[in-house]
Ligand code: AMP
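Take a look at this one chain, the form predicted alone, written out in structure tokens.
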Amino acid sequence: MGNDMLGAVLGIESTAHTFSMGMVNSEGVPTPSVSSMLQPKEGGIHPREAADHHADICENVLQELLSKEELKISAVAFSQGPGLAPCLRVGASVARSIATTLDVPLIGVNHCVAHIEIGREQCNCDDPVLLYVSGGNTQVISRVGDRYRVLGETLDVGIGNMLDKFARINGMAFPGGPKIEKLAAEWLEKNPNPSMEGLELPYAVHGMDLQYSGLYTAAKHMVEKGTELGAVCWSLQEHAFAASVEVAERALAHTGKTEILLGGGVACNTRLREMVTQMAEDREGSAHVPDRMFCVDNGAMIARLGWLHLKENEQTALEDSAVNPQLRTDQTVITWA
């Protein structure tokens, strides 16, 4: 299907705490999404509470988006997985309803691949290694043939979940990552030449994989023993990010690629961006980071991937539109690269 036959694509994101709708125009260029994030008063994200939130606000989100955009919807894309099953089902139901009402194609897409493709579009990079760092997942990904292959990943929890959990036990509301970043920066400003003495945490690299739970436990105990919270936040970031960037650098060396792309909500972190940029410069490569609004979960990235599928005449029949909470990055065939 040529670009001249494509219209705007609506994208619906609902994998976890955020319900978001966004669009791309007939050229696949995204516009800012309209999003609503569940922010619990205490504790973490409960899947059913998040799904109820999505169901309650989906109509308002759609109305707000349509009030801003004058594009005619030619297809509806939605996150088919991975993610929290109750949340995914809300997004899929909304997508089916809109697509059926408008009599336009329905396209289920892979959430992880969407992060890659919005990054490639925004940063104009060709064949990068992606360091995907989000709440629910952490992976180092590279395209091999017609798939995005996972070269390394977390063996326990996503880096974002680890940071959120540490923040929560120390009295910081969800989302905790930005609050840890703020405390770490404030502590570093008071301690411009810090030493790791007394702040060492476990080594999180296991071959090409990562394991963050040991970092969390050690950091938790450090605070309990009286170490200043800001110092622990700084150390936790330094160790978790350094381990992640190390595995990404190994992937660059293994594949011979020169572009590193950051994606996922944790990619909003300024310190992580600095580390990735420095690593790329040391290797005489290039680092690419999308605008923060395209790093967090957003409808526009789903719309962008839906547009790529539609360009290849790939649609999802209603009988094939069930969600897949365990969908893997390498289960999606890449026909457009």
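Since we're looking at a predicted model, the values are computed, not measured. Just count from 1 along the sequence shown to find any residue number.
Missing here is the form predicted in complex with the named molecule; even so, the following discussion is about that form.
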Select from the listed residues 152, 83, 135, 91 the one whose heavy atoms reach within 4.5 Å of the named molecule in the model of the complex.
135
Between the options 209, 238, 259, 181, which residue brings a heavy atom to within 4.5 Å of the named molecule in the model of the complex?
181
Can you check 27-35, 267-275, 46-54, 66-74 and let me know which stretch has heavy atoms within 4.5 Å of the named molecule in the model of the complex?
267-275
Spell out, yes or no, whether the shortest heavy atom distance between residue 161 and the named molecule in the model of the complex is within 4.5 Å.
yes
Residue-level contact is defined here as any heavy atom of the residue lying within 4.5 Å of the named molecule in the model of the complex; does residue 128 satisfy this criterion?
no
Just to confirm, residue 176 within 4.5 Å of the named molecule in the model of the complex by heavy atoms?
yes
At 4.5 Å, heavy atom to heavy atom, what parts of 13-30 sit next to the named molecule in the model of the complex? List them in sequence order, or say none.
17
